[in-house]
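Only one chain is shown below, in structure tokens, and it's the form predicted alone.
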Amino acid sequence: MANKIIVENLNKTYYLFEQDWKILQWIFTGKGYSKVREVLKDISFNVQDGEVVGLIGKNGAGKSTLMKIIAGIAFPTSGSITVKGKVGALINLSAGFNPDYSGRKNIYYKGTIMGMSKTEIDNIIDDIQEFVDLGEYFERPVRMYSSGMSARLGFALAVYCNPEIVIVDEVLAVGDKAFQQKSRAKVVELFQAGKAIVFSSHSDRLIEEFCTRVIYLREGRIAYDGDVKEGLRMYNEDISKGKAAVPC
């Protein structure tokens, strides 16, 4: 099987500033920040076709940051990441939409940014329109949408763009209950379709049900990478001992 995601010695550091103007000072001199937070430290792993990798760890361990980097929403401070294939990112679902464009036009706009051709978008636009079930709002500017409506649009594009790599946050509560059931069913389809998937969750049940492997992040480092049951056992044991917690 081919590697779809290759991460080598990846680090992510955030610089915190007490005043906005000090950001400019830092850009030009490297000074001015009040605190440094190392979110990811020397992360290395590969994900192959057909693998569903569960990303586990306490809040603040670096899971969301790592997923954003894989999705191309954020960038590492050092190290490298190679992503081979179209990514469907079920995180930050409404990011990248133009508020003055209609739902339909935004599908073409964001789809093009994702590397899709007009013909590819033409082939899925009717399915997306039916799936999001926004009625007349599909032809109205996104600035008129609620946050839930925008998230529906982003979710539909991410799953209908035929991604080779899928990044899934645990939060799949998009829209009303009926749409949540549709979105969950669609995600399960992706899990069963042989894609390369990175799935973040705090649910042992979901990790055991869908994942072929787990990566346990603790304080920004990989504490374990391997068998699902062993990874969950180690994580839960650390929680009981207070080791999985991230220091403030």
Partner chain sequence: MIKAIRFVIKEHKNSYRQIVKMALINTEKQTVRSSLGILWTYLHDIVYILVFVMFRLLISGYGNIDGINSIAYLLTGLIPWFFISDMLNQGSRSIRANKGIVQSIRFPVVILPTIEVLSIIFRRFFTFFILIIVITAFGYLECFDILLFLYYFFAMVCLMISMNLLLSAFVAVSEDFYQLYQAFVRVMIYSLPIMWSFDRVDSVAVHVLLRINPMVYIIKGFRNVFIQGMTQDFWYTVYFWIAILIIFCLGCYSQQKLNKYYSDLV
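Because the structure is predicted, anything quoted here is derived from the model rather than measured. Positions refer to the first chain, counted from 1. Basically, rigid core = biggest C-alpha set you can superpose within 1.5 Å across the two forms.
Not on display, but discussed next: the form predicted together with the partner chain.
Novice: Want to guess which of 130-138, 148-156, 90-98, 161-169 is within 4.5 Å of the partner chain in the model of the complex, heavy atoms only?
Specialist: After filtering at 4.5 Å, what remains is 90-98.
Novice: Please check if I113 has a heavy atom lying within 4.5 Å of any heavy atom of the partner chain in the model of the complex.
Specialist: Contact with the partner chain, yes.
Novice: Determine whether any heavy atom of A71 comes within 4.5 Å of a heavy atom of the partner chain in the model of the complex, and answer yes or no.
Specialist: Taking the distances in the model of the complex, the answer for A71 is yes, it comes within 4.5 Å of the partner chain.
Novice: Answer for K118 alone: is it within 4.5 Å of the partner chain in the model of the complex, judged on heavy atom distances?
Specialist: Yes.
Novice: Using a 4.5 angstroms cut-off on non-hydrogen atoms, would W26 count as touching the partner chain in the model of the complex?
Specialist: So W26 counts as contacting the partner chain.
Novice: Check, residue by residue, if Y15, Y109 and R143 all come within 4.5 Å of the partner chain in the model of the complex, counting heavy atoms only.
Specialist: Verified in the model of the complex; spot residues all in contact, yes.
Novice: For A95, state whether the C-alpha moves by 2 Å or more between this form and the one not shown after rigid core superposition.
Specialist: The answer is yes; the displacement is at least 2 Å.
Novice: Taking the rigid core as reference, does the Cα of T82 move 2 Å or more between this form and the one not shown?
Specialist: Shift of 2 Å or more: no.
Novice: Taking the rigid core as the superposition reference, indicate whether the CA of E139 shifts 2 angstroms or more between this form and the one not shown.
Specialist: Yes, E139 moves 2 Å or more.
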